[in-house]
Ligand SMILES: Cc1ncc(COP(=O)(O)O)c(C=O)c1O
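Shown below, as C-alpha cells, is a lone chain in the form predicted alone; questions about how it binds or moves come after it.
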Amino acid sequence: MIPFFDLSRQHQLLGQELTGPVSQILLSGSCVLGPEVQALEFEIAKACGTRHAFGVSNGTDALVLALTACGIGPGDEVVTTPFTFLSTASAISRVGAVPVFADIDPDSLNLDVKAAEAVCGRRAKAILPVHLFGLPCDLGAFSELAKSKSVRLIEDMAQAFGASWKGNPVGSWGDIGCISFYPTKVIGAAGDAGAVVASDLEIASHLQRLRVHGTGADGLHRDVGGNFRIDSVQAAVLRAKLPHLHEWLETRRRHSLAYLNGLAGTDFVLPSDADGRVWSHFCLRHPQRDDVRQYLLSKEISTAVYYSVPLHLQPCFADLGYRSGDFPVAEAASREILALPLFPELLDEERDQVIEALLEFDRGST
C-alpha cells in the first residue's frame, strides 16, 4: 500500500539526530519550557520574520490564544472561511465570539477577499484567513481590508509554515500568526505542538502571560489564561527537524511538479504552483471524486478528503443559521477535493504509480 503519509520513514532517517536531543532533555529533567523551548522560539520568530514567537500546546490552542490576546470575546464576530479544518472556527466559538463565514475563491480555495468584506460588519473584531494547503492568501488585500475596517488580522498558517507572500513570510503580515506542528504538517513534532508569532510588544506580552495561566513576571495573574505550554521534548524534536525544512519543502515541490506535469491535459482540476507557496498537500479536484478515490484504493494507493462537509453545514454550527447553498464554491470543493500522497520520503516510483493510476482512471472515464 502506498501511504498517504508516513512519518516513520522520516524518523528512521533522522535516527540519532532526533533521538539524541530527546534523550538529553529527558536526562536533564527540564521537560516544560526551559532553554530548548527558548531556542526554538528564537528560530521560529526568525523563520517567520517576526519579533516574537511562543511555543504552545497545539495549533488549535494557538488560535484560541491569538483571539484572546486580541481582546475578542462574547458579542464579537470573526470573519473566516467555511472550507478549512474545524479548529479555525471552533476556536472563535471557544472564546465566546461568533464565526461569520464567507465563500472562497474558486481558484485558490482560500477565503475570498470581496466576500469577506461583504460580511465584515460593525460587530466584526477580526478577519481570520487560512493559508489552505500551503497556498498563501492575498495578504496585501487582507491587510488593507483589516485596516479599512479597523479589525485585527489573524493568520491561520497551520498548513503554511515556510510560505511567503510577496517575499515576506506568512505570519508576519497579520497581528498574530498561528502555527500547527501536528506530525503531518510540513514540519511536525512527535505529538501535538504549535506556536504563535507576533511583532507588537503589547500583543506578545499578552500572549506570553496567557500561555501560563495569565502569569506576569511578578507572579501575579492579571489574566485568566490557561495551560498552553509546549513541552521541551517537542521543542527538541522540532529543533532537530528545522535544519531540514528547506530540503523537505523542495522535495515536496518536486513531487508536486511531477504530479502537475504527469496529469496535465486530463479531466482533473489541478492546483497551481504559485510563488511563495509550500506544498503541504497536493489536492486535485474531480466531479467523480469518490469514484477516483475508490479506484486508487483498488490500486493500493491511500488518499484523503479535505473537507467533506464545509463548516457552515457542520451540526455544531447549526445555530448560526447557515443552509446548503449559502457558499456554493466551498460546497463544490467539498464534493470534489482529493489529496494525493505527498511527503518528503515518498519514493519517486510510488509517486509515479499514483500518476499512472490516475491516468488510467482518466482514460477509462472519457
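Being a predicted model, the structure only gives us computed values, none of them experimental. Heads up: residue numbers just count along the shown sequence, starting at 1.
There is another form of this protein, the form predicted together with the ligand, and it is not shown here; the text below is about that form.
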Proximity to the ligand in the model of the complex, single hit among 137, 193, 78, 116 (heavy atom within 4.5 Å): 193
Of 68, 50, 303, 60, the one that lies within 4.5 Å of the ligand in the model of the complex (heavy atoms): 60
Partner contact for residue 87 in the model of the complex: the ligand, 4.5 angstroms, heavy atom: yes
Residue contact check: residue 182 to the ligand in the model of the complex, 4.5 Å heavy atom: yes
Heavy atom of residue 130 within 4.5 Å of the ligand in the model of the complex: yes
Exercise: residue 234 in contact with the ligand in the model of the complex, heavy atom 4.5 Å: no
Answer range among 182 to 190, 162 to 170, 288 to 296, 202 to 210 for contact with the ligand, defined in the model of the complex as heavy atoms within 4.5 Å: 182 to 190
Heavy atom contacts to the ligand in the model of the complex at 4.5 Å, residues of 144 to 179 in sequence order: 156, 158, 159
